[in-house]
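What follows is one chain in structure tokens, specifically the form predicted on its own.
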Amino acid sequence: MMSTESVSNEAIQQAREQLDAHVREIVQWHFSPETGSPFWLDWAEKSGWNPAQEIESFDDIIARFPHFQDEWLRDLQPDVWVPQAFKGQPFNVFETGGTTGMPKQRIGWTDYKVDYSEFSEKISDDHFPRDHYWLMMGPTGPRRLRLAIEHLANVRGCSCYFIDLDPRFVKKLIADKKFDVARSYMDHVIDQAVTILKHRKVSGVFTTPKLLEALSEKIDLWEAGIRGVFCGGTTMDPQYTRFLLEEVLENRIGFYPTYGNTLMGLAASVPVTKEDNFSITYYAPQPRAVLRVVDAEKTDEVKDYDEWGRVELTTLTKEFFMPRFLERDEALRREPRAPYAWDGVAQVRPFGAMEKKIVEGVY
């Protein structure tokens, strides 16, 4: 059983009231002709009810909306998602997935800045010194991660170096069993990072677990000046997490696992400790996004605490409304834990990981 810092019932209730108020504001926005997007206004007309008048709480979203379909983000032109209030303003186009076929696309304006500015308050100046330099080793365009990480660095007065990674290419190589080519590409990425760390002052790194491990085999991270690491992208089970903390980071470099994507933003983790058996728990950036762990067969039902289920995401911003999207992930449902007064998701892994082999690549 994980140790927990207790969260009062009052704090949980306040968080729920804040979420419900936010839900009413966002639903009003997306289903009002003056501000709403063509997709949702058309959807409401065809469905025969008016969410702007009938949705009062997050529970109403669960009860009244079907699951958001990822085909809508693959098949429809991006313009259908532009809220009337944003009409005429050029938007960013961000992609997720896309190993085969058309990737999901999300448009945006400043959501990524809001998401990552909030995250800045959750990291330590000891691990990520202000007015210094970062290195990101991961996918840049067409994902929003590149802009988001640079914005996070800039918010803290830092500038960021980038080493690009194409996760679609790596997944394709592994699926085709071209392991030698995949390893060669990984070495190519690592070599570039080593060059930067040898010739430039860098204190913070954003990368994936596997690339972090490979980087540590080529250079002493502490001696290179690294004091903090963001890690995300692929599965980190407790055994691997312990290896990263104790062997790779030697228990002296700050470790910040993150769970995020183009559709959600960034879920932060509570500190990973030996007392938690190195199990990572993430908490969504509520009320802008809500994560639930639901029964894979009966998705209206939430799993009990410490039970496995499928991850369901609801995104609630003025730029993007996405109710009840079933992620391709599964996780353990975890109780609220200070400073978060809502449920968390733990040990996130690809959905069905225990039943079938999943190709993750390096991201």
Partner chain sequence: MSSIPHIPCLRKGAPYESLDQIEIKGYSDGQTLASVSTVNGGIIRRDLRRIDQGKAALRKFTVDQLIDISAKAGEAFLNGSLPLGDKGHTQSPEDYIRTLSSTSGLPHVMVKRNMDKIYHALTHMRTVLTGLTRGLDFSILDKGYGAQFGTRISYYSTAKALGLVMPSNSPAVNSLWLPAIPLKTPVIIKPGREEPWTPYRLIQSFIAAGCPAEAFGFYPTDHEGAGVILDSCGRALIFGDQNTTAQYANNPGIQIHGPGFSKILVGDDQIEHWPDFIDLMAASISENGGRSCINASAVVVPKYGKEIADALAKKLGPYKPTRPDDRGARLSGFANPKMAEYIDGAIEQDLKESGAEDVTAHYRDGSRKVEFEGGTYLCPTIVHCDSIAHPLANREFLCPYASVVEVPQSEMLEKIGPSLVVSAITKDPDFTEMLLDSDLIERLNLGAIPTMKISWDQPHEGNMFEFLYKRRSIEREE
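What you are looking at is a predicted structure, and each value in this text was computed from that prediction instead of being measured. Numbering follows the first chain given and starts at 1.
Heads up, the form predicted in complex with its partner chain isn't pictured, but that's what we're talking about next.
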property	result
R288: touches its partner chain in the model of the complex, heavy atom cutoff 4.5 angstroms	no
Interface membership of P238, its partner chain in the model of the complex, 4.5 Å heavy atom rule	yes
Distance check, S216 to its partner chain in the model of the complex, heavy atom within 4.5 Å	yes
is_contact(V248, its partner chain) in the model of the complex, heavy atom dist at most 4.5 Å	yes
Stretch in contact in the model of the complex with its partner chain, which is absent here, among 71-79, 274-282, 193-201, 124-132 (heavy atoms within 4.5 Å)	274-282
Contacting member of K104, R292, R143, K210, with respect to its partner chain in the model of the complex [4.5 Å, heavy atom]	K210
Listed residue that, although its partner chain is not shown, lies within 4.5 Å of it in the model of the complex (heavy atoms), from F169, F243, Y161, F86	F243
